[in-house]
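Coming up is one lone chain in structure tokens, specifically the form predicted alone.
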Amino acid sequence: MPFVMFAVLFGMILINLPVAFALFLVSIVFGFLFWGWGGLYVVFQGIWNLMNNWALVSLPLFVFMSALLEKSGIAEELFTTLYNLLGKVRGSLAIIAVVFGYLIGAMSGVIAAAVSALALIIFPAMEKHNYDRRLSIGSILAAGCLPQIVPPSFNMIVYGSVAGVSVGKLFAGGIGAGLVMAIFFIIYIALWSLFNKDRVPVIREDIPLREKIASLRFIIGPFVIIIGVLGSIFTGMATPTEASGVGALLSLIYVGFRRRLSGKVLAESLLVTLKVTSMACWIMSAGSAFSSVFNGIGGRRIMIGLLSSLPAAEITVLVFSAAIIFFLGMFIDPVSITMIMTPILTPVVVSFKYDPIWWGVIFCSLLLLSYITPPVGLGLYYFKGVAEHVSMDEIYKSVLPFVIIMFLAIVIAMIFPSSILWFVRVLGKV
């Protein structure tokens, strides 16, 4: 019956029923089949447990922080500074996109804001300077994914809440994973630009040294916000939930100081916060209900037994878990995957003595692929929404090299756990 639950759920998703409604419907039907009206108690017990999770309070605050920085134009100023400093390097705009994505991630952790900002600010500049279209699109989408692994990552907050592990330590590991991916992206862009000089021109615009130095003032505010959020977490002064309040307050103060805080900016930021948070809460509530029923009918016990019986289980359990997350990512959004698969896969992996924080970072890293893999990659549609003249076929082809690079970076993190755990040991004090 647990496998039938999954089959019915997957069928509903394939016929385009919204994931949250599909999860709720399957949970209620199977709960009623097994326990009658008492099944509703099992369904809503999962939702009640989720509602009492204090870490989730940080979600709307981090989303608000991200929306405020985007709507006020602070992100555009950050791009101008990076452009002034790196503009004359071959492939500089694609490299700036990666650095920009990493920094936006450290300020917000929301992919919609990152991809939209990159597509609105950097992509037109790439087209103006006749950059190779596929390199431009691929680098923007890859960079736009980084906010989901760089703290304060939206996915890590959800995963930590469901798995019951420290969100602060996940954030510390995310710095390492995000850094490895960003370095890989930059190396690929630099090498590709070197071997395809005719398709990636050097920007000849001469920017005076005085202007370069003056533009540095635009990075002070963002860095204060980043240090305020991450510094308060990693020094143990605040939990991730409390740090989200610090970030939101610092963003309000900085935007107000720059005289960018208008009624329109505040209203638009609050509306984005309401939409994103509501979407996430519906999916998380439905995922908790599904997990509660699935575990109640013995689903977790069956999955643990099945995975543990695989040949060379210590290795194959990792391969199978990674494969199933990647596969689901092509059809289901990351929040839903987290809510459905975390209670199933995480206990199995941890039972083989793998570090739960390391696995959490790997899990969240694999979720990045779901943002840029067709047919349901959210990042692909965020980009298409901004660059309407670009065909989906071209977007799919452009992102493929970066999917491969991202996958290789995850494999390296799996083979060399210290690339993640070193940051956890040094920074993960909460």
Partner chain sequence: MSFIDRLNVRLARFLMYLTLAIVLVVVYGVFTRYFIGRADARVIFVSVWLYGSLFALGGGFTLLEKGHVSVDIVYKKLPSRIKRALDIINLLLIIFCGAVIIYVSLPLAYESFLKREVDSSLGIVFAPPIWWFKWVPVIAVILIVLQALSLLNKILKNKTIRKGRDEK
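Positions refer to the first chain, counted from 1. In this text, the rigid core denotes the largest set of C-alpha atoms whose superposition between the two forms falls within 1.5 Å. On a predicted model such as this, the values are computed, not experimentally measured, just so you know.
This protein has a second form, the form predicted together with its partner chain, left out of what is shown; the following refers to that one.
Checking V224, L271, V319, M330 for any heavy atom within 4.5 Å of its partner chain in the predicted bound form turns up a single hit: L271.
In summary, among the residues A190, L179, L120, L252, the only one with a non-hydrogen atom within 4.5 Å of its partner chain in the predicted bound form is L252. Comment: 262-270 is the region of 194-202, 262-270, 129-137, 88-96 lying near its partner chain in the predicted bound form, near meaning a non-hydrogen atom within 4.5 Å. At the 4.5 Å threshold, heavy atoms of I47 reach its partner chain in the predicted bound form. Although the partner is absent from this view, F21 contacts its partner chain in the predicted bound form, with a non-hydrogen atom inside 4.5 angstroms. Contact check for S351: every heavy atom lies farther than 4.5 Å from its partner chain in the predicted bound form. The closest heavy atom approach of I15 to its partner chain in the predicted bound form falls within 4.5 Å.
Within 4.5 angstroms of its partner chain in the predicted bound form, the stretch 22-39 places a non-hydrogen atom from each of F24, L25, I28, W37, taken in sequence order.
Annotation: Cα of L274 displaced by at least 2 Å between this form and the one not shown, core superposition.
After superposition on the rigid core, the Cα atom of W358 is displaced by less than 2 Å between this form and the one not shown. Once both forms are fitted on their rigid core, the CA atom of L170 lies less than 2 Å apart between this form and the one not shown. Annotation: D393/F10 CA-CA distance shorter in the predicted bound form than in the displayed model, change of at least 3 Å.
Note: S269-P147 Cα separation is 3 Å or more longer in the predicted bound form than here.
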